[in-house]
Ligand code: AGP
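What follows is one chain in structure tokens, specifically the form predicted on its own.
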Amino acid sequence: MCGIFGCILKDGNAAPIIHGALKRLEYRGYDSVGEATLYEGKLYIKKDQGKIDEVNKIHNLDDLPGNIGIGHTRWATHGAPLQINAHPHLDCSGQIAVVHNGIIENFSELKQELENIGHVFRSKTDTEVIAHLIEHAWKTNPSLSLAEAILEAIRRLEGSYAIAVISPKEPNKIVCARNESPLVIGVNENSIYCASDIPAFLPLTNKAVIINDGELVTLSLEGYEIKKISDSSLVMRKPKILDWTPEMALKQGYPHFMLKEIHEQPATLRNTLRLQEHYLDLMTTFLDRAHEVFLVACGTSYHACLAASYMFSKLAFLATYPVIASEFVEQHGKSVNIDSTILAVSQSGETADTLAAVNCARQRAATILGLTNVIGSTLTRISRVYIGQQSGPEIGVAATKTFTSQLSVLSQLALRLAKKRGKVSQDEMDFLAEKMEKLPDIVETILQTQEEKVKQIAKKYKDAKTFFFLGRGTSTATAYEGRLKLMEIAYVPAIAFPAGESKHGPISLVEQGFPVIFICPKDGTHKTLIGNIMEMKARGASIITIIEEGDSEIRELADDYVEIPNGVPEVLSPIPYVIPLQLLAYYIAIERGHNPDRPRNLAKSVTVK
């Protein structure tokens, strides 16, 4: 997730306006920044790696000349956060400047095609292909307008994008386009703006035009023209007057970043399905040849690893060992060796305990693989192969969208490994791949249909002193993650364990009204789980269940229930089944008067051991 901005001013320099807007978008990405302006028929560009203030201190972004320009603040997905990979990106002639938020799925094929006809690429980003495609369209047909050349180019793209383009060939225009990445237009009497999010221009105007997927917009001081990408037909849309405060705008109207990020999960899951196959295949190869595989992580990432251990076992017949990073050195430090493979999972890529475990394993010649959300982090630098989970920055301290993104990547690895090893039939492969593609829509349905029900459950149980979270099989990891979220942000003591352990001690705590949450997908554990529910119910527990839609057998045993669309395979179930638990933790925190974005005593990235 990156932030783009562009503006055309009747009077004055655009660069300081772009700089200020990018600062307001810095929550969308902060590993590099760049601006491009037009003045007297020339493009002027400044860009570098680092946060905006750091780059401005070195390069003085405000002294770029001209009344028209575009800018970008980056969260790397393709190419490390280096100056060469910072936006804007240019074509071969230096006459087209592009900024982009999103992921181009077919950029490798397009890049190869363009290189074969003589185009020279400077960066490792997917974005640069857009500039070269526009250049190619103009070379093929010089009579095209900038907007027409961009239309030709983006009709070749697969994936998500919000782009803004300027060129000295049409020095009074910015052309933008959107598909699955946000884009809004701001309108003022003497200026016009485009941006990823409303906060970028909210101090400058409160008139906004929301651009929809599949639309292209041409901006000038005369106004804006919207066309459909599919057929170039005109779209008429008037600006809306915004009554948001700047703080509300940052959160897109949500009261907290955590809730906003819970609702972003359909989009982030779609992004994880756009990973470069080359890196998935490469990591799969290393996993396949490993004699032993340790999945090493902390907190929420550890729960993702725990779920993944079931995925690798059930799909690829690969035994993996999920290990809490802080315990790895003591538990396995002397036994790992050249035949060991460590798959380290860390949202920040800087988690101290995870890096300590990795460094111990490196010293004993183990192979290091990494899964992280921050390209350029320490974990990416020390891994033999790494994959970026492509969640974008997560502002809320409690991990939500990064957890489901990690699960999505790990499930893709398990599925590819199963295929490589010939452990599942082609029909089963096709079935699971199809279900994986549908997960973003399933999560969207849960958010649309179940949130109000979860809110009511939170009101009912807001004063409970303790909760149990129980699951079996893969759902054990879901239970652990639900427990962690409730403790993190609502400060409610909670216990999670495999439901089969109930009679080995924990059941002694249960009394009348004690809330017990069961995660109940309709899988091989279903019948046994019913027995565990009845054990708790017989002792007076209040039963809350997360069930498959239409599961009347468990629904009739529950005091409260939340339904998940049916047909989710067991190995993928933690992704949709965790959503109600995230919402429950959020709404109980709200009911108890806590700020879910800033839980006490916690930090987003734990960089001390």
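Remember, it's a predicted structure, so these values are computed and weren't measured experimentally. Just count from 1 along the sequence shown to find any residue number.
Another form exists, predicted in complex with this ligand; not displayed. Remarks below refer to it.
- Residue contact check for residue 485: one or more of its heavy atoms lie within 4.5 Å of this ligand in the predicted complex.
- Within 4.5 Å of any heavy atom of this ligand in the predicted complex lies no heavy atom of residue 268.
- Using a 4.5 angstroms threshold between heavy atoms, residue 398 counts as touching this ligand in the predicted complex.
- Heavy atoms of residue 205 never reach within 4.5 Å of this ligand in the predicted complex, leaving it off the interface.
- This chain lacks the partner; the member of 186, 388, 102, 299 within 4.5 angstroms of this ligand in the predicted complex by a non-hydrogen atom is 299.
- Only one of 106, 220, 252, 348 lies close to this ligand in the predicted complex, with a heavy atom inside 4.5 Å, and it is 348.
- Stretch-level contact check against this ligand in the predicted complex with heavy atoms at 4.5 Å: of 465 to 473, 80 to 88, 411 to 419, 348 to 356, the positive one is 348 to 356.
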